[in-house]
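First, one chain by itself: the form predicted on its own, in structure tokens.
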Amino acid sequence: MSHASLATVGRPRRVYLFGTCLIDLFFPDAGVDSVRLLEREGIEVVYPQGQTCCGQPAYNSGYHEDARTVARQQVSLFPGDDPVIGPSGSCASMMKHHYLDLFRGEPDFAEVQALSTRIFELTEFLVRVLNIDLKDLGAPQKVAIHTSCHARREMGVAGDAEQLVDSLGNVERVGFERQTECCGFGGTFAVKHAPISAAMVTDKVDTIDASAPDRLVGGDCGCLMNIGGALEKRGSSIRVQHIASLLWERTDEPPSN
């Protein structure tokens, strides 16, 4: 199911959520807030309990057979035609684009190909499919956005995150000099090439600090861990937050008495 066909037939009544490893382990609020945003739009969210890693670490390290084993488990958990929403440009790109390379020539390629057409990064789905209308209830705030390399260059959703933040009436989006550059995380890259990774995130954080936002938001928790750790190490007051949590926090109507 393509972006165009989804938009044509209207909002889906049901979606799957692919929660990602880092959200599960380090940013659970991002997963919960993703569900809240979708359910508030009248959509049933299904979270298959058997889901694990998308297989990207093994794939990027050259262990393709191991990656296929992990990926097949994920493919089996998202049957039917419902969209699969990933609050991560990195994982969404792996499932949408790199699964095709990983399974090309395999007997289950057609099943994988069908799944790839149903993969959406969260901000992409909120903007392009739901055309979500947000009412900002928060206090004035300055927010900077970091878009991961996969989200920007493979999923092409940098503009969607910006549109969502710009729709918050009391939020001022601030840019910074190295906004389109990699933060240096890159999964196993940060472990295998730690000095280079550290230099990259230092350059990134220098320009974020200079722009003086209240928060740095993004859609990939690996980047948020990396940037947030560098900010914390230097004693910065800038808080990092997944964009789903920012959107929910600023638009959640308090219960009436």
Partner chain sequence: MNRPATEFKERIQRALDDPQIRTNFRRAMDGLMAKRAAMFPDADELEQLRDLGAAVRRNALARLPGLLEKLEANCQRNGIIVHWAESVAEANAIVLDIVRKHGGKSVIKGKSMVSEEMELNHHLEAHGIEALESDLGEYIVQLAGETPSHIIMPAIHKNTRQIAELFVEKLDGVEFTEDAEALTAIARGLLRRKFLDADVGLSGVNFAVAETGTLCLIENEGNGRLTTTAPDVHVAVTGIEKVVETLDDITPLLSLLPRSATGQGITTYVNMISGPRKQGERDGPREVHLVLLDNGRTTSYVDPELRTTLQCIRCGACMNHCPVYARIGGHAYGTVYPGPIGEILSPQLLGCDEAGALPGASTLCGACGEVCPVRIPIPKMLVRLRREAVTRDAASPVKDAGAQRSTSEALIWKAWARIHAVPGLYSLVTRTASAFKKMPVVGPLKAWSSVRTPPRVAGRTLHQRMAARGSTK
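This structure is a prediction, so every number in the text was calculated from the model and none was measured. Positions refer to the first chain, counted from 1.
Below, we refer to the form predicted in complex with its partner chain, which is not included among the displayed structures.
Interface residue remark: residue 209 is not counted as part of the site for its partner chain in the predicted complex, having no heavy atom within 4.5 Å.
Interface membership of residue 184, defined by any non-hydrogen atom within 4.5 Å of its partner chain in the predicted complex, is confirmed. In the predicted complex, no heavy atom of residue 108 sits within 4.5 Å of its partner chain. Of the heavy atoms in residue 142, none are within 4.5 Å of its partner chain in the predicted complex. Each of 60, 74 and 153 comes within 4.5 Å of its partner chain in the predicted complex, counting any heavy atom. Note on the interface: of 110-118, 175-183, 131-139, 156-164, the segment with non-hydrogen atoms within 4.5 angstroms of its partner chain in the predicted complex is 175-183. Of all the residues from 76-90, the single one having a non-hydrogen atom no more than 4.5 Å from its partner chain in the predicted complex is 79.
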